[in-house]
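First, one chain by itself in structure tokens, the form predicted on its own.
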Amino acid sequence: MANSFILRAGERGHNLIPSSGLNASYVAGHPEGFITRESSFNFHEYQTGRAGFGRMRVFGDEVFFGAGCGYNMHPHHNFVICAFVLQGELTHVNTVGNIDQLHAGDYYVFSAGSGGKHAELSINGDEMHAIYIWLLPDQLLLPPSYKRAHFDAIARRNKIQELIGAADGALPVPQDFRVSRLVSDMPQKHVYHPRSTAHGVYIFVLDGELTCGEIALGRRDSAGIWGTDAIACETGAHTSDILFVETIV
């Protein structure tokens, strides 16, 4: 029998992080710049929710406001960070040797491994909106690496597309972990098949609506489902944009 939890949009942790004061060395941008972060799991000051889901430790729904706003160069060790740009332009700089600009539909996997640094900036002042996912690798102290790709919502509409994982064309990641995306423009039934009943799936509705059995989800709602080998879903009448994050639980 499947197990599940539901996290409504308004139940997520909320942080507003200004680029001034104590945050000035970490948060980039002019003094009026700031970052908003809606956290699905415990993160910094937000410690009243879930500690994570399987190998996933952070699921952040973040917006950078103001010219040059973002995160200055900072270190990570033994974490894999994935970012999915929803709006605006994200400039990503890392110590692997990459200076990259990502736009809506672009996404990356940065494996910090034995030690890596990166900076995340919205240079031009337009709002930059991205989903950030942090996960634990299955092996410590791997060499740092960076890879990026693009999700074409028009070409891939109305089907679940694996973006990160072991599928052909997906970005590889050093963990038994998958991220898939579904953009639907019509009511349609889909079945998501986890790799085993030991895998759970965190389903996050970026936009629109989705029904999974008796679980009805709206914009920015999410649910964790595990202990089943099939998750039946149905999209709504309008455009729906869904992320499926699969991990061993």
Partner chain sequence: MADADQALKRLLCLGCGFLYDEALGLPEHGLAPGTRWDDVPADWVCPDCGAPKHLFEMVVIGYAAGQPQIQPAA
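Keep in mind the model is a prediction, meaning the values are calculated, not measured. Positions refer to the first chain, counted from 1.
Beyond what is shown, the protein has a form predicted together with the partner chain; the following relates to that form.
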Taking the partner chain as it sits in the model of the complex, is residue 57 in contact with it (heavy atom to heavy atom, 4.5 Å or less)?
yes
So in the model of the complex, is the partner chain close enough to residue 134 to count as touching (4.5 Å, heavy atoms)?
yes
Is residue 78 close enough to the partner chain in the model of the complex to count, meaning some heavy atom within 4.5 Å?
yes
is_contact(residue 99, the partner chain) in the model of the complex, heavy atom dist at most 4.5 Å
no
Look at the candidate spot formed by 61, 87 and 159 and say whether the partner chain comes within 4.5 Å of a heavy atom in all three of them in the model of the complex.
no
Among 68-76, 149-157, 119-127, 90-98, mark the stretch whose residues have heavy atoms within 4.5 Å of the partner chain in the model of the complex.
68-76
Name the residue from 53, 43, 204, 34 that puts a heavy atom within 4.5 Å of the partner chain in the model of the complex.
43
Across 115-152, which residues bring a heavy atom to within 4.5 Å of the partner chain in the model of the complex?
134, 136, 137, 138, 139, 140, 141, 142
